[in-house]
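Presented below, as C-alpha cells, is a lone chain in the form predicted on its own.
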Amino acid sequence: MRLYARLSRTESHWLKSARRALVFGIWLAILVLAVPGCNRSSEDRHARQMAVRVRSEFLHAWRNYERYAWGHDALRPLSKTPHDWYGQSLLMTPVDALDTLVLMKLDADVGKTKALIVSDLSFDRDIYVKNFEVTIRLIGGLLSSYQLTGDKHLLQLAQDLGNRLLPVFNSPTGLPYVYVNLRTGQVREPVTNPAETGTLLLEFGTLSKLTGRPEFYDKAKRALVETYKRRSLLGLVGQGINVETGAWTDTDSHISGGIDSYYEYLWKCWLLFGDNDCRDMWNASIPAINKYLADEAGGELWYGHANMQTGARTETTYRALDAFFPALLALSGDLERARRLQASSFKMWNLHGIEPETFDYKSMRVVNGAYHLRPEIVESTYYLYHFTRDARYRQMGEKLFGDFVKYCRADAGYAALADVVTKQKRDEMESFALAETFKYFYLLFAPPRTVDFDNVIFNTEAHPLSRTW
C-alpha cells in the first residue's frame, strides 16, 4: 500500500509538472507567434500616424496655394505670390493635385477644386505650351481624376487638350515637336529628347481607350517606336534628337532627365495596355542600360553616363531625377538591383540631410546643390515597400519626410532649396510637389487599400491610371 501510495504521489507530481510544462509551452508558442503580429500592429499604427502627419503637411501647402495663388498655375511660397507658366493660367496645380485630394479623402477640397477646373479651365488660348509637360501634368491629371470621380467634364477637357496637342506629331519622322500653339496648332522647336518623344503613350493611350479614338494611341506609340528604332548598335539612346531629320544631336546616354521616363513608359505601357511591342522594346533596352550605364563605386551601385555609340563612360554623376530607377527596377522584377540603387540614392540624400540635384558618385561631391522638392526617391521608397513589405523602407521614408519638413517647410507652403549645403530656400513650389512628392509620402504610410496598386499604373507625374475601359 505504501509503495502504491508513493507511486501515485510520484505520478501525480509528474502529471502536474507535465501539465505546467504544457501550459508554459503553449503560452510561449502563443507569445512567439504574437510578437510579429504585435510588431506589425505597432508598425501599422505608427504608419497611420505618419499618414496623418503627411496629410496635415500637404494641407499646409495646399491651404497656402488657396490663399495666395488660387486659380493660378503655382504658388511662389516665399514671396506669397502666384506664378503662371505662360502668362495666363492653365490651372496647373489644381489639375495636378486633384487626384491627391481624392486619395487623401479631402472631399470638400475635391468639390471646390473640381468646380474651379470645370468652370475656369480653357485651352482655347493663343499660347505655345510644352507638349511633354502639359501631357503628363494636365492630360494625366484630368484622366486620373476622371477615373476616380466619374466626372465627364474632366474627360471632355482632356480630349479637348489632346486634340490641340496632336499637331506636334506632324513632323517627317512622327517624333513630336517640343512646343505647340493651343489655338493655331503651329509648332516649334525640332530639337528634343527621348523623354519628350517617348513619355506620351500612357496619357494619349488612356485618352484613346476612353474616347474610342485610335489616333491618340497611334501617334503617341509611333513616337515611342521611332525613338526606339534610332537606338545605337549597343542598344542605347542619346539625350538629343532632331524630330525633322531623326538624327541624334547629343549622343550622351543615361537614365536621367531627358531620357528617364522614355524607359519608364516602355515597361508601363506594356503593363497598362498589354502592348507586346512595348514589352519587347523594354526587354531589348534593359540589358544595355545595365551593361553600359550601371557603375560600381566603393561597393555601391550607381548609374552614370556613357556614349551611346561606344559605351565609354562620359560622366560619373547621379541626379535626384535618377532616383526613380529603383522603382522601375522593382516594378519590372529586379529587386536586387532596386535595393542596391535605393541604398545609393539614400546615401546621396543623407550626405547633406537632403538630396542635391546632381552628385558625383566617384568623388562624393555635390555638382548642383539645388533641391526642387523632387519626388523620385520617395516614389522608389514606396515601390520597394510595396514589393518587399520591409519595414526599413517605411523607416527610410520617415527620415526623408522629417528632413523634407525640416528644411523645406515655409510660412506659406513648401519651398525648394537653392543649395542643400546651406539650406537656403528658393521661391518655388512646383505643382509636382503636391501631385507627386506628398502623394508618394502619403501612400507609403497609408493603408494599402488607399490605392489598388496592382490595378493602376502611375504615370511619370504620379497620376494613377487604370483599365476602366
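Owing to the predicted nature of the structure, the values given are computational and were not obtained by experimental measurement. A residue's number is simply how far along the shown sequence it sits, counting from 1.
Absent from the display: the form predicted in complex with 1-deoxymannojirimycin. The rest refers to it.
**Student:** Within 4.5 Å, heavy atoms only, which of 136, 157, 180, 143 is in contact with 1-deoxymannojirimycin in the model of the complex?
**Tutor:** Among 136, 157, 180, 143, a heavy atom within 4.5 Å of 1-deoxymannojirimycin in the model of the complex occurs only for 136.
**Student:** Among 376, 295, 226, 109, which has at least one heavy atom within 4.5 Å of 1-deoxymannojirimycin in the model of the complex?
**Tutor:** After the contact test, the surviving option is 376.
**Student:** Partner absent here, but in the model of the complex, which of 407-415, 431-439, 65-73, 47-55 has residues with a heavy atom within 4.5 Å of 1-deoxymannojirimycin?
**Tutor:** Stretch with heavy atoms near the partner: 431-439.
**Student:** Counting only non-hydrogen atoms and a 4.5 angstroms cut-off, does residue 261 reach 1-deoxymannojirimycin in the model of the complex?
**Tutor:** Residue 261: yes, in contact with 1-deoxymannojirimycin in the model of the complex.
**Student:** Can any non-hydrogen atom of residue 121 be found within 4.5 angstroms of 1-deoxymannojirimycin in the model of the complex?
**Tutor:** Judged by the heavy-atom cut-off of 4.5 Å, residue 121 is well away from 1-deoxymannojirimycin in the model of the complex.
**Student:** Quick one: does residue 321 come within 4.5 Å of 1-deoxymannojirimycin in the model of the complex, counting heavy atoms only?
**Tutor:** Yes, residue 321 lies within 4.5 Å of 1-deoxymannojirimycin in the model of the complex.
**Student:** Heavy atom within 4.5 Å of 1-deoxymannojirimycin in the model of the complex: which residues of 439-469 meet that condition, in order?
**Tutor:** Sequence-ordered list: 460, 461.
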